[in-house]
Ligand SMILES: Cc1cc2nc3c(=O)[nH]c(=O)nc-3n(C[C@H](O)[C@H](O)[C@H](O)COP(=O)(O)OP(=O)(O)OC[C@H]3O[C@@H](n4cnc5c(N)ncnc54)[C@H](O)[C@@H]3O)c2cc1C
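A single chain, nothing else alongside it, follows as structure tokens in the form predicted alone.
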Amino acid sequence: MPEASGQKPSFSTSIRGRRRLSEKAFEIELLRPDGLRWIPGQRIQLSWEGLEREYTPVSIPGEASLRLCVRRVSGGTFSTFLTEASVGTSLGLSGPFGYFLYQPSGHRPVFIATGTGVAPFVAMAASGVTGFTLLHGVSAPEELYYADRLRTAAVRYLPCVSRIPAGRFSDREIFPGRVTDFVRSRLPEGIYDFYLCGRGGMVTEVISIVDERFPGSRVFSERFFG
């Protein structure tokens, strides 16, 4: 979840429902305000009683509702509020923001996400983007939400799971390690378009690896918190 921008709300929305994704994450469904337009990969900001947070929709503009992937953070005021708020609760909404957009160039796209940073890639896939490699870094297999949807659109969908015993799965199913480990030691040499979305440490480390191993590649990044 990117940091809040402090933008004054320009729309109103309300909670329509929730769907559990894992023990720590859920999808929240909101009323899509009339006039709200965004491109998959852009963010919107929610506000409630002085609190503000930004999220990237997993839905695309043509859908009837606005869906967000939210990770409940221990001690996180806004994520706790979204977990507990009643259906029908009203929220302010601003946006869209950001430039984390799919920009095809002829080079092979590699999408790399950690945790809920997979959200913009879900939206891109739903909008018709295909032919990408996607690495999704999580701590446990149950956190691989949207796997079926992404596997269909990707040339290769590879979960990178840090708490899986080595040898339990083949490399074609699950990579037992972090996304940075795979990029550093397993991704074939070449020129790629890297799209990075997740925690700042991952983004910084992958950029360093790209500079070293993949000269000529492009890098687009979005830092998520959650």
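These numbers were taken from a predicted model, which means no experiment stands behind them. Start at 1 and count along the sequence shown; that's the residue number.
Separately, the form predicted in complex with this ligand exists; it is not shown, and the next lines address it.
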item	value
4.5 Å heavy atom contact, D193 to this ligand in the predicted bound form	no
Any non-hydrogen atom of Y102 within 4.5 angstroms of this ligand in the predicted bound form	no
This ligand contact in the predicted bound form: S79, any heavy atom under 4.5 Å	yes
Any non-hydrogen atom of L66 within 4.5 angstroms of this ligand in the predicted bound form	no
Interface stretch in the predicted bound form with this ligand - options 150-158, 128-136, 88-96, 113-121, non-hydrogen atom within 4.5 Å	113-121
Residues within stretch 36-67 having a non-hydrogen atom within 4.5 Å of this ligand in the predicted bound form	R43, R53, E54, Y55, T56
